[in-house]
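The chain below stands alone and is given in structure tokens; this is the form predicted on its own.
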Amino acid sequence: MSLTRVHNLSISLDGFATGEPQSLEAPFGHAGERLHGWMFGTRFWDAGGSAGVDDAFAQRHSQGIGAEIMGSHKFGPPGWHDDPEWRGWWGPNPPFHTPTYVLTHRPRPPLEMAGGTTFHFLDATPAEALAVAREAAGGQDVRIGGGATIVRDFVAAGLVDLMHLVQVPIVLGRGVRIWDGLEALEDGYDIEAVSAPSGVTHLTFTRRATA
């Protein structure tokens, strides 16, 4: 059985994965790019970046992935459903290179992009979406790409096998939190923490095998 994975999801010290309000000009709201500075210095992001701890974790994002599931707020800013020309944030060649499933209550026809990415728009529960994505992944793993609400929904449904969060030493105070409704999450996962020279802490949650 393929695994369901979350990678490189950056959160603040108070648990927010994005600020507010999200807009076309500010995809992460008042957080700006402060949650992702650690990644911008890696070879994963730029060939001239570092090859340290941050890069080693970041590189796992793309290994063995056959499909992605994301929420509608990752695909576009508020109002994108009303723009028939909106094709995502990433230009003509998005970085996914797999079938990518956007969960939305307003589906539209599939959108085929360059580089092997095709966006499919589903109105489905987490379990239903995962079943579709697993079939498309052809035995490879499925990545839950975010944002925080989608990750939280999949974790709450017991569908996430491995989750990599990056705790960034900033306090946002408002936005969308990852932890709400996930009390006692630690009971079902083995958790490891690795501190990096950049100041971030990499938290890895691996679901415990059930007897």
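The first residue of the shown sequence is 1; numbering continues from there. Only a predicted model underlies this, so the values are computations on that prediction, with no experimental measurement involved.
What comes next is about the form predicted together with another copy of the chain, which does not appear here.
Student: Between the options L35, V176, L172, V151, which residue brings a heavy atom to within 4.5 Å of another copy of the chain in the predicted bound form?
Tutor: That would be L172.
Student: Any chance A156 has a heavy atom within 4.5 Å of another copy of the chain in the predicted bound form?
Tutor: The answer is no: A156 has no heavy atom within 4.5 Å of another copy of the chain.
Student: Would A184 count as touching another copy of the chain in the predicted bound form under a 4.5 Å heavy atom rule?
Tutor: It does: once another copy of the chain is placed as it appears in the predicted bound form, A184 has a heavy atom within 4.5 Å of it.
Student: Does any part of P21 reach within 4.5 Å of another copy of the chain in the predicted bound form? Heavy atoms only, please.
Tutor: Result no; P21 lies far from another copy of the chain in the predicted bound form.
Student: How about R60: is it within 4.5 Å of another copy of the chain in the predicted bound form, going by heavy atoms?
Tutor: Result no; R60 lies far from another copy of the chain in the predicted bound form.
Student: In the predicted bound form, does each of F96, T117 and A136 have a heavy atom within 4.5 Å of another copy of the chain?
Tutor: None of them does, since no heavy atom lies within 4.5 Å of the partner.
Student: At a 4.5 angstroms cut-off on non-hydrogen atoms, which residues of 6 to 28 are near another copy of the chain in the predicted bound form? List them in order.
Tutor: If the 4.5 Å heavy-atom criterion is applied to another copy of the chain in the predicted bound form, 6 to 28 yields L13, D14.
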